[in-house]
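Given next, in C-alpha cells, is a single chain: the form predicted alone.
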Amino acid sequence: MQIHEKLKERLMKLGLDETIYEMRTRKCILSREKLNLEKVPWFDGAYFIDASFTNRNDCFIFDPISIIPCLALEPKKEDKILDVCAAPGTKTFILSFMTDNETKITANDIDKFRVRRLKANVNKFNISAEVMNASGRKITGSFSKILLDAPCSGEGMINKKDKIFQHWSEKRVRLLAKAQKKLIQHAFEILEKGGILVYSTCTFEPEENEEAVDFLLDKFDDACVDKVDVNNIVYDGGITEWNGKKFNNQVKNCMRIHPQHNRTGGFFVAKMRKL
C-alpha cells in the first residue's frame, strides 16, 4: 500500500520522509530481576527482546517509547493517577511497575471492547487499578497526575503502516484534533493544583500535538509546559509554527521522538503543570 501524497508532503515539511516506514521498531519487557538481555537506555528495568525471546505469554511486551510519557508523569506511590485512554493497558502497566503496584490508578477507556482487553491485562498482571468505561470528557473527581495518551492518526506506529495509509486523511486529522482539544481541556479541569498532566500521541501531526498544547495554554492562565527530563533518549523539541500559525513559545519544551532517533515508534510528549 502506497503512502498518501498529502501525508508525504506533511512529513517532508517536518523533516521526515517515507523511508521511516521501512524501519522495524524494537520491543521490550519490564523486569525487577536482572536479565541477560540488552537494557533499554532510558529506563532501568526495561530490556529489549528479539524474535528468539521465548517467554512471550508471561510478559507484557511493548514499544519502549511508551515508557517516556510515564517517566514524564513522575508517578509516586502517594499519587492519585488517571490514565484517560488506557486500553489495552500498556501505560497503566508501566505506571504500576514504577510505583511497585502501590499507587492508586484509575484506568479508563471509552471503547467497551478495548476495555475488555484492558481488564484482562489488569487481571493477568495483577495491576492495582480501577478500570472504568467512560468518555474521557465526562470523568469526574480530581487527580494529582493525569496521563492523556490521546487517540490520534497514528503515523508514528511504523510497524502498522498499511493500517495508517488505509485510514489517513487530512479530514481525519482535523476531526481528531478537535476531539483531542476537548479531552485535554477536561483533563486539565480535573487536575489538582500543582498536579501534572502528560499529553502524548503517536502521530507527527502538529494539529494533534503542539496545537493541542497551545490551545490549553491559551485557555488556562494557570497552565505551563515543563521540559521533560529523561536521560539517554534522542528527540527534537516541539515546533513553534505550522502552516502560518504560531504557537506559544512554551511548546519548545515538548518532545518529538521520531523513529530514526532511537529505533522506536514515533511519539510526542508534553508535560504540563497546573500552577
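Residues carry their position along the shown sequence, with the first being 1. Remember, predicted model here, so these are calculated numbers, not experimental data.
Another form, the form predicted in complex with a small molecule, is not on view; read the next lines as being about it.
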item	value
The single option of Arg114, Lys181, Lys80, Lys161 touching the small molecule in the predicted complex, heavy atom within 4.5 Å	Arg114
Segment assignment from 189-197, 71-79, 147-155, 166-174: heavy atom within 4.5 Å of the small molecule in the predicted complex	147-155
Non-hydrogen atom contact Thr106 with the small molecule in the predicted complex at 4.5 angstroms	no
Non-hydrogen atom contact Thr90 with the small molecule in the predicted complex at 4.5 angstroms	yes
Non-hydrogen atom contact Met98 with the small molecule in the predicted complex at 4.5 angstroms	no
Ala86: touches the small molecule in the predicted complex, heavy atom cutoff 4.5 angstroms	yes
